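Next up: the same protein chain in two forms, each one alone, written as structure tokens (structure 1, then structure 2).
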Structure 1
């Protein structure tokens, strides 16, 4: 078998933030050890490094998209650029037209219409990508988005592609992806090529509402998914409601995890729950076993 045929990409998502996505993804990463490549695709609020302790071995700059800039000496202050800019990025301050990096979306329309060619487009540095060894010896690809940079979706794609090529090269069985909250471009980007999605939710009205929305996105891509109900004992009625939803949509119910301060305690020590003596350890081990089973059954 070719390596691509045995490689499985597992994405951890939640819709709502703060349901325990990263704690679960990190635990699975520890259990998978060196059989997996880890990809942190929550580039806007990356946290998994706090538990997996990567060494930031290799760093490279990530460029994506462009930024417009005005050569003041060539500018005749005609104002055409500001007229065509739909992003209100060009303003007239002290007799000069200036472009705000924060607002410019790099469309290049201003460059096209400038009669004196005073506007040039530059490559935009949007962040850094790191390739690291984690504390369990696996390879991890992670990133840092520059403050206020655009294109988080493209940075996610860059992280994933890097993780994928490493997994193929090193013949790894799994890629474990920590996704971002929401349903927008970083989430969609993290789903491309995924074999299985682990949804982490909580029994709150918000948790279920957000789960439904993110699941609707996953369904469009026809990716199989399983769900962990975290803090299930916070509201048993809602837990039952979530289970009905899972049954109805044929989402595999992976586990109920109790509302346990042990997660936070472990995090404070820079550990995942599976590195502690908490009884939850066994539960997460079962989840990992079940996810692997699910993927194999499907194949």
Structure 2
């Protein structure tokens, strides 16, 4: 078979932050070892590197969108640019019009109205992409979105495309993606091309609400999915509600993980739960085995 025929892309998502999504994704990455390429698509708040210890071997600047700049030697201080800027990114300071990089949306209107062509549009640097080796020897593609930068969906796409290219080149069986929480553009971008989605939720009112929202997004892609209920024993009544929802929507119920201080202790040591002697290690191993089985059955 060709690499593209055997490669499987698994995305780990949550409808809200703080459910344990990244801890689960990092644990699966450790279990997969060198058979997987890891893609951290939570570019706005990346933290899986804290557990996988990447070496930041290669760094690339990521450019997306445009930014306006005024050539002061051509500017006649007419003020037309400031008049049309709906984002209030242009200010008059010390007898000069200046454009704030933080406020400029790159629409280009100021460039069009400038009578002396003093304003030019430049490609905006939006972040960095890294290609690393993790502590288990796998390749990891991750990124950092610059402060105030937009186009996080495009940065996610860049991370995924690079991860897929490496997986094909190195003939890897899996790509494990740590997605962003919520249902925004980064999540939609991370779902493109996925074979299976692991949803991580918690037994709270907001946990169930956001689980329903993110599954509604997944269903549009018609991607097979399973769910882990983390800290299930903190609210058994809400856990039952979540299980009913999973059954109704035919979402695989992958596991119930009890609240355990071992998770926190492992994180403070820079480890995943599967690198400890906690009984939860076997549970996560079973999740990994079951997800692989579900993908094989689907194919």
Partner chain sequence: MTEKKPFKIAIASGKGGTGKTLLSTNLAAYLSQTRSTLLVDLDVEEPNDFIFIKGTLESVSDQYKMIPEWGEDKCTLCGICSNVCKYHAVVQLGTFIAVFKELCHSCYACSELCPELALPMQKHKIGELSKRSDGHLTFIESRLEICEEQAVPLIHQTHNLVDEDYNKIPFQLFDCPPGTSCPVIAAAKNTDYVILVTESTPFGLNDLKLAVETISKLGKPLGVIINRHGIGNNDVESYCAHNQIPVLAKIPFDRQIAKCYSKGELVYAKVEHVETSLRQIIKYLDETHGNHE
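Numbering follows the first chain given and starts at 1. Bear in mind that the values here come from a model prediction, so they are computed numbers and not experimental data. Basically, rigid core = biggest C-alpha set you can superpose within 1.5 Å across the two forms.
Participant: Between the two structures, is it 1 or 2 that corresponds to the form predicted together with its partner chain?
Facilitator: Here the form predicted together with its partner chain corresponds to structure 1.
Participant: Residue 208 and residue 78 - when the change between structures 1 and 2 is described as two rigid parts, are they grouped together?
Facilitator: Residue 208 and residue 78 are in different rigid parts, judged by which superposition fits each C-alpha better.
Participant: Should the larger rigid part be superposed on its C-alpha atoms, how many degrees would the smaller part be seen to turn between structures 1 and 2?
Facilitator: Here the smaller part turns by 14 degrees.
Participant: After aligning on the rigid core, report the distance the C-alpha of residue 95 travels between structures 1 and 2, in angstrom.
Facilitator: Here the C-alpha difference is 5.2 Å.
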